[in-house]
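Okay, so here's just one chain, in structure tokens, the form predicted on its own.
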Amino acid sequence: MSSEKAKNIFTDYLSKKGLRNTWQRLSILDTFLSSGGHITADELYNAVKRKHSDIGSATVHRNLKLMSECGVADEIKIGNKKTRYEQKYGHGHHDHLICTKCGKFIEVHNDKIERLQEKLAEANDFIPQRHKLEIYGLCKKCK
């Protein structure tokens, strides 16, 4: 999805919720969309603050929640570590390998695993609506 389409989804969602579309919200969204990775709210706040020192941390947290609610962002919660956010659109479906030592995320896509999940659902007369695969272990650097 293009950043323009993500912006449209976000602004439409704000409108439906009766919330104003402010320059602060758009700045946070733009910074998030250009981050290109798995970013924490604090990392996003620091990036936004470099451009606009008057935007507060609570504003960034609230807007990340709104971005997640409307489907522009995906929350990734790993145990007791900070929640990370990634762009949901513009990135094809993928799964994650997550290092339990350094916290590194490796995005992976495997057609065989996807087909296996589909067969598993079919064999159990189940209609999947979404799924997420996270495998925890040690990355090449930490093992």
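Everything quoted here is computed from the prediction, not taken from an experiment. Residue numbers here begin at 1 and follow the sequence given.
The protein also exists as the form predicted together with the DNA; that form is not presented, and the subsequent description refers to it.
Remark: all three candidate residues (Gln24, Ala41 and Asp54) come within 4.5 Å of the DNA in the predicted complex, counting heavy atoms only. Contact annotation: Leu19 falls within 4.5 Å of the DNA in the predicted complex, judged by heavy atom distances.
Contact between His94 and the DNA in the predicted complex is not found at the 4.5 Å heavy atom cutoff. Looking at Thr59, you'd find a heavy atom of it within 4.5 angstroms of the DNA in the predicted complex. In the predicted complex, the DNA sits within 4.5 Å of a heavy atom of Lys82.
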